[in-house]
Structures are given as structure tokens and as C-alpha cells.
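Below you will find one chain, with nothing else, as C-alpha cells; this is the form predicted on its own, and questions on how it binds or moves follow later.
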Amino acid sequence: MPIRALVFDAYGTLYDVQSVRGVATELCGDKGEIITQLWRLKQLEYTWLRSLMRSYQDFWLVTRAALEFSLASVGIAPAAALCDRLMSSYLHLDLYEEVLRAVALLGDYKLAILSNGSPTMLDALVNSSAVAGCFADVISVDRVRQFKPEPACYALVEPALGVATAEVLFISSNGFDVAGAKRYGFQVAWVERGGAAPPPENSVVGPAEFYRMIRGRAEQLGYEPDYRVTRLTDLAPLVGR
């Protein structure tokens, strides 16, 4: 079945979650790098835990809790003023440099975002990054009060866009999201943001390298992407076949 709609994950796919590093380093010195990596890992872990516990809180609260955990883990008191400064960076993440060109190349398709982000977070992010108006819908999982890869999250796409599941190409850089979307029934493209980083020579690795080892590889869950791309601009020739 031909592709009629392309649906993008937001965090790590359109927006660089690593771009909080600058503020984290400014405020926390040489612990900024490890805070950056712990924060993202714990943020994702808390979405999965809350889904399993059937104890939903929106992504803003999950992100705040993950930040407080990360600060305390490295010996920094999670004072409200510090957390507020760091949290604000999640409303102004850097857009990956090829996104605007990729979106322009895909103008003949319905485009949307499906994200764990809360509506307030996504509105702030989209409106601050020059892509407002590029998407037919910005879909938050808050509509079903569950987090990806829960199938109910992916089920939001069909009624929102008026396209069949088989006509959707879902794009994500997150392995768990790729597996969840493929399991649901979408065609899936994995953006290999982690690149083909070589394995470490020994156990002495830095926080960023450790993060890439965990989050930068395909998950071994039995659900493989249909396509692998290194940049979002690779999508236009792929869907135009």
C-alpha cells in the first residue's frame, strides 16, 4: 500500500535532546555531561515504569522527576531554581539541522508528530523552532494518558490524519519506538542518529559513549524497521519510489 502520511517522533528524531548539555554544563560544571545522559535515560525509564504501573503523569512531570533523580545521583541538590532553569531547556531544544529541508521535500504528504511530550511542551517546542504550520497535527500521547510503545498511542494516528495504518510511515531514532510502531502495524523508518559507532576497547567509557551504547542501537525485540536512514533528508527519495 502506498505511503500517504509520514509521522515523526519528536525527541531525538526532530529535536536533539543532547542540546540540553550546554545549559547543564553552564549550571553544573563538569557534571553537566553525565547529568545530560542520566536525565534522558531516566526520563524514558520513568515513562515505561508509569505505563507498567498504570500511574500516568504527563511528560513534563516525568521529565522533572527524572531531572531531580539525576541531579541527586551526582551529588547536586535538586533546588527548585536550578531545576526550573534546566527544565526550560526542554521547551527550546535544537532542531536537527536537516529537518526544515526534509519537511520541505515531503510537502506532498500528510505530515504529523506523535510524541510522548505533553501538549504544552510540544506547542512550545514547535512554535519556537520554525516548523509551526508544517504538520497536519501534533499528536500528544496525553490524549490516551499512556506512553509509547503502548499500542493505544500509535492508534491515535489514524483518526487524527484520516489514513489507514498501512499507509503510514513512522519515523523515529529511538529503538523502542521503532519496535513499538512496527509491532502496531506501521511502516517504519529508523533514523540512526547514533551512527555506526565502534564498540569500546574496554570498560572505561564516558557518559555520552555509554548513552550511545544503550540508546543508539536497534533493540533486539524481533521487530525490525522497514528502512534505515542516517538523515531525515533520506526519506524523500525513499517514499518517492
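One rule holds for the numbers: they count along the sequence shown, beginning at 1. Each form is matched to the other, and the largest set of C-alpha atoms that superpose within 1.5 Å is called the rigid core. No experiment lies behind these values; they were computed from the predicted model shown.
Separately, the form predicted together with another copy of the chain exists; it is not shown, and the next lines address it.
Another copy of the chain in the model of the complex is not approached by residue 136, whose heavy atoms all lie more than 4.5 angstroms from it. For residue 167, no non-hydrogen atom is located within 4.5 Å of another copy of the chain in the model of the complex, even though that partner is not displayed.
Not displayed here, another copy of the chain is approached by residue 68 to within 4.5 Å at the level of heavy atoms in the model of the complex. Under a 4.5 angstroms non-hydrogen atom cutoff, another copy of the chain in the model of the complex lacks residue 117 among its neighbouring residues. Contacts between stretch 22-59 and another copy of the chain, counted in the model of the complex as any heavy atom lying within 4.5 Å, involve 30, 31, 34, 37, 38, 41, 42, 45, 46, 48, 49, 50, 51, 52, 53, 54, 55, listed in sequence order. Positional change of residue 203 between the shown form and the other one reaches 2 Å or more at the C-alpha, relative to the superposed core.
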